[in-house]
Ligand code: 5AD
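Single chain ahead, written as structure tokens, the form predicted alone.
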């Protein structure tokens, strides 16, 4: 076992943007002790505060459809889940939800939904109308793998950002999480095309998925250092009972917090959310994520009658401080740990908004 002082050396090397052997990273990740977590989080907060001060950006999360053609083994929205009642919001429901959030001060919205082949024109229409009505607000899409032409049309229609978690930087492990019809190389190709089109891009992964090792998580850090996305989503794996992984154990909250801190050190200017999954897995997960180096929180603006249907894992939180109705309480909770809930667009510091 490496001494704590050695862990500190490794963390400080990351903070100085120095190269760290993969074996050292894996050893660090495998031992998320309280002392390691606190030291890593302290460094991560210092780095985040250099670029963002004490701001935590709020994004309105709108779950536009739980219809999905993909068969990811970990997701409750998978096409094979016949027990799930499906829904799709209309264009006007989407726009009205965003306008409600806008009226409360939000200036950044994330439209998230299952992967669908029939969404090209409907989402283009939404993006055009969104920019017509809410011209100073940022629009993020998170709708899975699509063709390059589809991504281009959405970008021209007004989409500013795109979130597409790569899920695993290790091709073998990616294959353990997805059916053969889904290609690791295609996922990377999508991320490349999104970047070429001028999107602010987001990647990300879960912590604690089946057969994932500390070495795999070390690979994530090296992958992200090369990809350099503007956003990185990290959350613990939480099983859904209607998936092949339904009986697998939940991912570690401690290891998730450590990975947030490590990604902050590797990508100092990244926009990193304290995810709903983290809040679901831990009672004070939102604050814990921020104290580990995250600087984004995404309260749910989906119409209440649809929220229970977006069940990507069991027990997902979508009310209270995880929702738009709880903005004041969320701001209060962030204030208790020394942070300000910011309603600004919150673009990446190096990204020029045209």
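None of these values were measured; they are calculated from a predicted model. Residue numbers count along the first chain shown, from 1.
Form predicted in complex with the ligand: not shown, discussed below.
J.: Is the gap between residue 167 and the ligand in the predicted bound form 4.5 Å or less for some heavy atom pair?
T.: Output for residue 167 is yes: heavy atoms within 4.5 Å of the ligand.
J.: Tell me, yes or no, whether residue 89 is in contact with the ligand in the predicted bound form, where a contact means a heavy atom of each within 4.5 Å.
T.: Residue 89: no contact with the ligand in the predicted bound form.
J.: Test of understanding: in the predicted bound form, would residue 236 fall inside 4.5 Å of the ligand by heavy atoms?
T.: Residue 236: yes, in contact with the ligand in the predicted bound form.
J.: How about residue 188: is it within 4.5 Å of the ligand in the predicted bound form, going by heavy atoms?
T.: Outside the cut-off, so no.
J.: Heavy atoms within 4.5 Å of the ligand in the predicted bound form: which stretch in 38-46, 292-300, 323-331, 309-317 meets that?
T.: It is 309-317 that comes within 4.5 Å of the partner.
J.: Using a 4.5 Å heavy atom cut-off, which residue among 206, 134, 110, 231 comes into contact with the ligand in the predicted bound form?
T.: Exactly one listed residue reaches within 4.5 Å, namely 206.
J.: Though the ligand is not shown, can you say which of 151, 119, 223, 74 has a heavy atom within 4.5 Å of it in the predicted bound form?
T.: Result of the distance check: 74.
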